[in-house]
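We begin with a single chain expressed as structure tokens, specifically the form predicted on its own.
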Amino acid sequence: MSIFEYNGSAVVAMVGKNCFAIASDRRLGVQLQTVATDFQRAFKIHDKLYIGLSGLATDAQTLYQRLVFRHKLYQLREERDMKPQTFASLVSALLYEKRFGPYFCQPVIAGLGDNDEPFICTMDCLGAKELAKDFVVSGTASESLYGACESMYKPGMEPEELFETISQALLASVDRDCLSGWGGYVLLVTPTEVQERVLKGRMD
């Protein structure tokens, strides 16, 4: 079993019309044994920027703490919040620094940039970025997430439709992966508000 599959995870970000959603499952496992059912993988950097960290749970928490630290330094120096594109470059550089002993994480970054233009990207544990205009996925359920998102996504969705689409894609995908699941956690971000919702899913 790969170290990336040790705790199990499923993270997906999807773009709508001037909004985005990022969703993750809630299972924390040790291989096939479930340890917790309320584990958080989607984290806030600032009001319009979020990061989802799939992979090894301990590395995800460590990496998040380092990213918050770096972002606070940026805020002190620049007196403004970081743009999503800038933050993606920061994450990439931070991961590549540790390329000989990497953080076993695959980040998914989602944010609203200039003119509330949604930005999403993902990267591997060495910081190689993959940009997308529709959706990005990572985690042990990524294969089934690709299939579900490809069939359900359509461009220019309004916030409520986007929430419904990302929720159905996540729930359908984690049912096909035994290392992730146990409900979901969805963040829906628009220029004016952030909605957090917890999904109930199969408890097996």
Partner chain sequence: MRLDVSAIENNFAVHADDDGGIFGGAADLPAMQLPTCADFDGFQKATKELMKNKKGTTTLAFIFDKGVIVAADSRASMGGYISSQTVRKIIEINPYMLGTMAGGAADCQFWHRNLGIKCRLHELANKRRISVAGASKLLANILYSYRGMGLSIGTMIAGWDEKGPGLYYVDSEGARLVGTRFSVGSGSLYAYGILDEGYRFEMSVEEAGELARRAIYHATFRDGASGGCVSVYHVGPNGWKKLSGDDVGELHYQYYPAQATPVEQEMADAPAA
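Numbering follows the first chain given and starts at 1. Bear in mind that the values here come from a model prediction, so they are computed numbers and not experimental data.
The form predicted in complex with its partner chain exists for this protein as well; it is not shown, and the discussion that follows is about that form.
- The shortest heavy atom separation between Arg176 and its partner chain in the predicted bound form is within 4.5 Å.
- In the predicted bound form, its partner chain lies farther than 4.5 Å from every heavy atom of Met152.
- Though the partner is left out of this view, Thr37 does reach within 4.5 Å of its partner chain in the predicted bound form, counting heavy atoms only.
- Of the candidate stretches 159 to 167, 51 to 59, 131 to 139, 28 to 36, only 28 to 36 has residues with heavy atoms within 4.5 Å of its partner chain in the predicted bound form.
- Contacts with its partner chain in the predicted bound form, taken as any heavy atom within 4.5 Å, map within 189 to 204 to Thr192, Glu193, Lys200, Gly201, Arg202, Met203, Asp204.
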